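Here's a solo chain for you in C-alpha cells, the form predicted alone.
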Amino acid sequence: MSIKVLVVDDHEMVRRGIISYLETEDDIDVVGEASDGAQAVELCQELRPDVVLIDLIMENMDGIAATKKITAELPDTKVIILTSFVDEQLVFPALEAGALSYLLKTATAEDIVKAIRSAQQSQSVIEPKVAAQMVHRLQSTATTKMPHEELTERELEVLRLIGEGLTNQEIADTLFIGIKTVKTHVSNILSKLGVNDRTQAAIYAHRNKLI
C-alpha cells in the first residue's frame, strides 16, 4: 500500500521539486499540495494523508500552528518538518506541537524519502544539528537546580522550622544555636530562595514538600 503524502510549502518551486522526486517512488503517492498552514489543515481533513511534509514559515497559519491542529485532529497522520531553520525558538515548539521528524531543506531527496518511510512506521528522523540542540537542552534541564538545593543542611533545617511556624527564638532554642546565627540563616535562606519574607519561605517549603 502506498504512503499518502501531502506537501506543504509557500514556495511553488520548492513544492514542485519535492513532488517531482516523490512521484518517482513506487511506494509514495502525493495526494495533494498546499501553500500555507490553513490550506494544509483543510486538505488533511479531506484527504487523510499518512504523512505531511510541511515548512514552518508561511503566511495564513504557520507550520507550527498547522502541525498542532493536524496532530490533534488526525493523530494517525505523521508530520515531518522540512525547513531552513534550526533556531531553537522554532525547533522545540514544532516538536512540542506534535511533529514526528525535523529535517532541513539541505537534506538530500533520499533522506526525505527515508524520513517519509520511517514516519509511516512511527519512527522519527531528526536533523543532526537539531538533535544536538535537543541533547543540550536536556542536559541543561537536568543540571538546573531547584533554589532549595543551594541551601546548606543547617539552612534546610531552619527553613523546615520556619515552615512549621516557629519564631527565630524558638528556632534558636530547638537547634541550640544563637539568635544571631538564626537571623543569618534566615537572611541567607530568603536570598537563595529569591523570596521576600518568612511567609513566602514557608509557602515555598510546603509547596516543595520540604516539611
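All values reported here derive from a predicted model rather than from experimental measurement. Position 1 is the first residue in the sequence shown; the rest follow in order. We call the rigid core the largest set of C-alpha positions that still match within 1.5 Å between the two forms.
The same protein also has a form predicted in complex with a further copy of the same chain, omitted here; what follows describes it.
Novice: Report whether all of D10, S20 and A202 sit within 4.5 Å of a further copy of the same chain in the predicted complex, measuring from non-hydrogen atoms.
Specialist: Contact check passed for all of D10, S20 and A202.
Novice: Hey, of 119-127, 73-81, 106-114, 87-95, which bit sits against a further copy of the same chain in the predicted complex at 4.5 Å between non-hydrogen atoms?
Specialist: It is the stretch 106-114.
Novice: Just to confirm, with a 4.5 Å cut-off on non-hydrogen atoms, which of E46, D27, E149, E59 contacts a further copy of the same chain in the predicted complex?
Specialist: Of the candidates E46, D27, E149, E59, E59 is the one lying within 4.5 Å of a further copy of the same chain in the predicted complex.
Novice: Quick one: from V182, A66, V51, I162, grab the residue that has a heavy atom within 4.5 Å of a further copy of the same chain in the predicted complex.
Specialist: Contact with a further copy of the same chain in the predicted complex is made by I162 alone.
Novice: Could you confirm whether R16 comes within 4.5 Å of a further copy of the same chain in the predicted complex, counting heavy atoms only?
Specialist: Yes, R16 lies within 4.5 Å of a further copy of the same chain in the predicted complex.
Novice: Answer with yes or no whether R207 is in contact with a further copy of the same chain in the predicted complex, where contact means some heavy atom within 4.5 Å.
Specialist: Contact with a further copy of the same chain, yes.
Novice: Find out whether any non-hydrogen atom of T167 is located within 4.5 angstroms of a further copy of the same chain in the predicted complex, and reply yes or no.
Specialist: Yes, T167 lies within 4.5 Å of a further copy of the same chain in the predicted complex.
Novice: Honestly, after the rigid core fit, is E42 moving at least 2 Å at Cα between the shown form and the other one?
Specialist: For E42, whose C-alpha is compared between the shown form and the other one after core superposition, the shift is less than 2 Å.
Novice: Any CA movement of 2 Å or more for V14 between the shown form and the other one, core superposed?
Specialist: After core superposition, the C-alpha of V14 moves less than 2 Å between the shown form and the other one.
Novice: With both forms fitted on the core, give yes or no for whether the Cα of A66 moves by 2 angstroms or more between the shown form and the other one.
Specialist: The answer is no, as the C-alpha of A66 shifts between the shown form and the other one by less than 2 Å after core alignment.
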